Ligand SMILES: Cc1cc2nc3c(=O)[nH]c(=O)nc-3n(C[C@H](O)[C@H](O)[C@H](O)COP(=O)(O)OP(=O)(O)OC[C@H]3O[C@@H](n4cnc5c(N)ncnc54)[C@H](O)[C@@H]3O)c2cc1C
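In the block that follows, a single chain appears as structure tokens, in the form predicted alone.
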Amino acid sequence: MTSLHQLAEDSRVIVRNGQAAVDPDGRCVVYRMRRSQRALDNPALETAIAAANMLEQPVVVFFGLLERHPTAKLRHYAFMLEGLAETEQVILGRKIGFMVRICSGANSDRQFARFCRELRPSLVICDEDPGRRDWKWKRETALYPAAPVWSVDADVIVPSRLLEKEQFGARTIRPRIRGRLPQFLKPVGNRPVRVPWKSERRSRSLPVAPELARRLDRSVGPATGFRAGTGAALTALRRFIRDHLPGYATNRSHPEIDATSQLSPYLHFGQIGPHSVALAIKDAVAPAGDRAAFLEELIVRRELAVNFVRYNGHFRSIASIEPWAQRTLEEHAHDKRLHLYVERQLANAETHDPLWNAAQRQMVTSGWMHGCLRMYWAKKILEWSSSADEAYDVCVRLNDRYELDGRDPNGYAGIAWAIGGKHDRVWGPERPIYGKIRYMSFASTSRKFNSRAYIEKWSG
């Protein structure tokens, strides 16, 4: 039988405050849910349940709902809260407590510490966030030192801590990940609780409480075409396997037919986990090459992005790119730009390029953009901005403002690749503005798919 000590030694678990012994006066195990906003196939929640079962205690989930996020808009809140409403019902059905408290960004950790003082947990579990730095963890754990705090890497298949450092690219991370897949690509499971949560406390009503709705940034409304929640994510996964997985290796490069899974918003909000997706694809009835192509994107490329955000503290800025890319962009910093657009023009799709405008409209309208066009979209912003630094910052702001999967490692890694050659190689021939960064043109990109159909679809 697994002991608490063995549970703490699991590769997914990081003991955050160096405290091994649980609070002997504790009454429950608290799971602070952040990124992994799901009730099923959630390694962080399952760790909390396993620990609580050993302690013969109940489990309570805490979710701190920020009243206002510096970059999230009504679009992101609506999607998140719709998913959380479903998550709440499933968690309560599993006889686990679920508490939501509305917090300001400045006091969210203090709100959680106050919550812990009320409930007196034996152990606190959090889900790991690759962008969260050690000093933030130290500040948070200091607010409630009575119980150990563990974070659990629930957002990837191979725990990112095992990779130890920032990887140069797919070719360096691929063998490290593939070598560990037999150990980690297994069903997460959904174990029953031994001690049900019993309390007269009621969670906040979801979706959004009226007092929160008035405070949200409503400048970007809800996205079209996406239903939120684990149920919707599983439906989208089944539909993708049935309709688009056969032929995926070829068709994924055709934005006009939308043959990709479009699971990125669900993965970003943790409404579905990578284990659930990978195992379904692995066992699907589809050609081996198509399954392999999808798993390369889901596991190797996605976890390369998580690795980038975890180990590179500058992931939101151009300071994150390699020295060779910094040099080539500096050498071409004063090259003549044929077109210059300000951020407002870009946001409104007011450029001379019909393909770029269509991609921007797709993002603004639907909250999602095809991966092939995300690359083209960012590279053109480099070409149309007065500097690479400005281009990078504009890309981050537009991506985080409009994409449902904004503020995600995949988005930051994609921008770093497009503008700064991150995870790429030196490219030739050397070109104005781009230097040795890989170049994409309207003509070359349009030849790869039916660009006319895509432009017509998103003509506005």
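Residue indices: 1-based, along the sequence shown. All of these numbers come straight from a predicted model, not from anything done at the bench.
FYI, the form predicted in complex with this ligand isn't displayed, but the following is about it.
Asker: Ok, 112, 341, 356, 248: which has a heavy atom sitting within 4.5 Å of this ligand in the model of the complex?
Answerer: By the 4.5 Å criterion, the partner-contacting residue is 248.
Asker: Work out which of 414, 26, 435, 421 lies within 4.5 Å of this ligand in the model of the complex, going by heavy atoms.
Answerer: Here the answer is residue option 414.
Asker: 325, 387 and 392: each with a heavy atom within 4.5 Å of this ligand in the model of the complex?
Answerer: The answer is no; none of 325, 387 and 392 reaches this ligand.
Asker: Out of the stretches listed (326 to 334, 291 to 299, 128 to 136, 217 to 225), which one is close to this ligand in the model of the complex, meaning heavy atoms within 4.5 Å?
Answerer: Correct option: 291 to 299.
Asker: Quick one: is residue 41 in contact with this ligand in the model of the complex, heavy atoms, 4.5 Å cut-off?
Answerer: Result no; residue 41 lies far from this ligand in the model of the complex.
Asker: With the partner left out here, check for me: in the model of the complex, does some heavy atom of residue 64 sit within 4.5 Å of this ligand?
Answerer: Outside the cut-off, so no.
Asker: I'd like to know if residue 375 sits close to this ligand in the model of the complex, meaning any non-hydrogen atom pair within 4.5 angstroms.
Answerer: Yes.
Asker: Considering non-hydrogen atoms and a 4.5 Å limit, does this ligand approach residue 371 in the model of the complex?
Answerer: Yes, residue 371 is a contact residue.
Asker: If you look in the model of the complex, which residues in 255 to 273 sit within 4.5 Å of this ligand (heavy atoms)?
Answerer: Residues within 4.5 Å: 260, 261, 262, 263, 264, 267.
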